[in-house]
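Let's start with one chain on its own, the form predicted on its own, as structure tokens.
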């Protein structure tokens, strides 16, 4: 089942320049939950559709879009569908303790009301650019998407931090990701403590 998210906003209170100047990694979060509108805006900033032909907020080599975005809250794990700007439930229940353990016991995973998981389907890019060059384009794209998320969080008065230290196989298994989805980044988001 897919649940459509609230439409994203195209204007905000903070300029890009202000967001760039204020962006800092935040590793401690208050327990306050994020609303559906906030989550929708964050996911749209990460990989939302912005133009004809399905163009998105982050550049993608050949417009092949190898990234898959997942959102984990205390209620469950959701898969983001950019073209529908919608979520589908993957698992219900609070999986944050298991993700915390798979991410080398980093406290921010337990504290954050939202963790965005960025995963890659390499084949979408390597089919065109080859196995030597294709992964490089995936890494560029995940960096662009992560920065979009970090700046959007800052613009919304939230904090976030990119996490790359985790056991890839453990994250993949505990999130029950499809075989071709490789986790690249975990990004906890919430109100700074």
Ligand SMILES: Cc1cc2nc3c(=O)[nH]c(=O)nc-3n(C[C@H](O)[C@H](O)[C@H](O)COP(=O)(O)O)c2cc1C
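Bear in mind that the values here come from a model prediction, so they are computed numbers and not experimental data. Positions refer to the first chain, counted from 1.
As for the form predicted in complex with the named molecule, it is not shown, yet the points below apply to it.
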Would residue 108 show up as a contact with the named molecule in the predicted complex if we use heavy atoms at 4.5 Å? yes
Does residue 158 make contact with the named molecule in the predicted complex, using a 4.5 Å heavy atom cut-off? no
Heavy atom to heavy atom, is residue 162 within 4.5 Å of the named molecule in the predicted complex? yes
Indicate whether the named molecule has at least one heavy atom within 4.5 Å of a heavy atom of residue 13 in the predicted complex. no
Name the stretch, out of 23-31, 126-134, 44-52, 60-68, where some heavy atom lies within 4.5 Å of the named molecule in the predicted complex. 23-31
Residues in 177-193 with any heavy atom within 4.5 Å of the named molecule in the predicted complex: 185
